[in-house]
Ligand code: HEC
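Just one chain is shown here, as C-alpha cells, and it is the form predicted alone.
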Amino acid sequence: MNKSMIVIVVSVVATVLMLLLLGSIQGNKADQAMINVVPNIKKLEPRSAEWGKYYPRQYDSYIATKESDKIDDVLKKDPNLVVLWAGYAFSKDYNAPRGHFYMLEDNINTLRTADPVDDKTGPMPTACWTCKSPDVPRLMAEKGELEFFTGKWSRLGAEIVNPVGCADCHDNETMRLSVKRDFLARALDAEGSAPFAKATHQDMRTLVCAQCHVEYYFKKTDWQDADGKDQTAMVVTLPWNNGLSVEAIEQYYDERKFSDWTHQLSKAPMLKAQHPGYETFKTGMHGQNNLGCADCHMPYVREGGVKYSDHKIGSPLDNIRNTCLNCHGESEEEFKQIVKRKLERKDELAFAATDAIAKAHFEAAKAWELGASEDEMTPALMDIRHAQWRWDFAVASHGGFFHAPEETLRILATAIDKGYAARLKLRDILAKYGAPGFEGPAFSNKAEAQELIGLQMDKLVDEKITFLNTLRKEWIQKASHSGKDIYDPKTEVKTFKTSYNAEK
C-alpha cells in the first residue's frame, strides 16, 4: 500500500470516529435536554405512562416486569398448607408473587377475593387493595384514610385500575422518593429506633418498598363520617410497637388477643403472616450494613451519557453481574450454587414445620371430637398458633432465606420446636380420651387436601369466573369512561393466568 492510500485510509477512519463522537455528543445533549425538562405530572397521577413521558427508560424497564408472568402454585408444592389454612381463604388459592405489572390483576383474579356481585358483597374489606395500586394513595387523599378503609373490597373496583407504579414511590414535582401510606410512618415512630422524620435518602430506598413488603393486620377502627353516621374502618396497621422481630410481633398480637381466624379443624386462634420482607431484611447482613432494597433489586444502568435505576424489579439473581457481584467475589455459577444451598436448607426446615403443624391440627380436631375441654386444649392450641405464625413469618417474607438466612433458619427451627410441643401435649390428651395411636388422614396433593377440609373447588372456580366475566368487566368499563383520567389501557392485562384456570 502506497503512502497516499495510507493517508486516505487514516483520514476515513478518523472521519468516522469524529462522526461517531459527534453523534455521541449530540445524543448525550439530547438525553441531557430530556432530563432537564421540568415534568408536568399531576399530584398522585396513578397512570405510570404519564410519568414515562418524561422518564422513558425507567418506564420501559418498569413495563418489563410483565415478563415475570409465571404462575407458581405454592399449594401444589406443599399440600400441607391447605390444612394449615383450613377455614381461611389462602387454602383456596395461593401463588408466588409475580412482577409489579401483575400486582393488581393477581389480586382481582385470586380465589381469595371471591366473587362479589356488587359494591357491597364479598368477604374482603377495602384494605385488601392497599398495596396493589397507586390509585390507593390517590383515593386516600381524595376521601380520607378512614373512609378509604371502610366498606368492602368490591366497593372501589372501578376506581383502582392501575398496578403498582411511579406514584407509589415518587413525588410528582421533585421525583424524590416519597412514602404515600401514612401507616408506615406511624409504625416506625411507634417502634422508635428509626423515626420516620429522620429517614435519609438511603433509608428511603428501602422504605418506599416497606410500604407494602411488611407484616400488617386490619385494625378495627370506629369513626364518624361527615354526616355524623357511625362507621367502622379496617385500617392497615403494622404491629411494630414491641419491635420488628418475630417474637416481638407475636407478643404484640398475643397482648391484644388478636387472631386473623379460628382454625377450622383445631379451633386454634390463628395468625396469618403477610409478607414481612422489611422486618426480615433488617436483621440480615445486608440490612445491618445499610444497603437498601434498591441497591440489589434496582441496579443502575448506563446508556450513553445517562445513568438510571433499572425499574424491572425482580430477583437480583436474574442480573447477578450488575447486582450481587458488585460486592461478592464469586463467579456467577459459584454464587448461584451458594444461593441454591441456602434455599434448599430453608425448604427442608419449612417442610418439616408444615408437616408437624398439619398433624397437630388434625390431632387437635380429634381431641375436641373426643370431648377434651377448653382448659385442656388451650396450651396446645397456643403452641399451634405460635408454631404456624413463626413458620409463616419465615416463608412469607419470600427472599428471607437470602436477606437473613441465619434468622430465617432460626425462626423455622422454633416453629418446628413449637409444632412438636403442641403434638406432645395433644398426645397426652388423646391418650386420656382413649386414642393414643391416632393418626390424621393421609393426602398426597392439593386437591385431596382441599377435599379433605370440605372446599368445593369447582363451585368456587365457577363463581370466580362468573365475577370476572361480569362485575370485573363493568369495573373496566366504568373506569375507562369515568372522565377522571385514571384508566391506562397499557397496564390492563388482557389475558391473565391463574392456577385454577390451568386445572379447569
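Residue numbers run from 1 along the displayed sequence. Model, not experiment: these values are computed from the prediction.
Keep in mind that the form predicted in complex with heme C is missing from the display, and what follows is about it.
Participant: Within 4.5 Å, heavy atoms only, one stretch in 357-365, 417-425, 260-268, 207-215 touches heme C in the predicted complex. Which?
Facilitator: It is the stretch 207-215.
Participant: Consider Phe281 of the chain shown here, and say whether it contacts heme C in the predicted complex, taking contact as heavy atoms within 4.5 Å.
Facilitator: Yes - in the predicted complex, heavy atoms of Phe281 and heme C come within 4.5 Å of each other.
Participant: Using a 4.5 Å heavy atom cut-off, state whether Ser68 contacts heme C in the predicted complex.
Facilitator: It does: once heme C is placed as it appears in the predicted complex, Ser68 has a heavy atom within 4.5 Å of it.
Participant: Taking any heavy atom pair closer than or equal to 4.5 Å as contact, tell me whether Arg385 reaches heme C in the predicted complex.
Facilitator: Output for Arg385 is no: heavy atoms all beyond 4.5 Å of heme C.
Participant: Indicate whether heme C has at least one heavy atom within 4.5 Å of a heavy atom of Val164 in the predicted complex.
Facilitator: Yes, Val164 is a contact residue.
Participant: Contact check in the predicted complex: Ala86, Leu238 and Arg390 versus heme C, with a cutoff of 4.5 Å between any heavy atoms. Do all three pass?
Facilitator: Contact check failed for every one of Ala86, Leu238 and Arg390.
Participant: If you check Pro316, Pro79, Pro116, Gly157 against heme C in the predicted complex, which one has a heavy atom within 4.5 Å?
Facilitator: Checking each option against heme C in the predicted complex, the one that comes within 4.5 Å is Pro316.
Participant: Of these, Arg410, Lys219, His286, Lys272, which has a heavy atom no more than 4.5 Å from heme C in the predicted complex?
Facilitator: The residue from Arg410, Lys219, His286, Lys272 that makes the contact is His286.
Participant: Just to make sure I understand: among 106-126, which residues lie within 4.5 Å of heme C in the predicted complex, judging by heavy atoms?
Facilitator: Heavy-atom contacts within 4.5 Å come from Asp106 alone.
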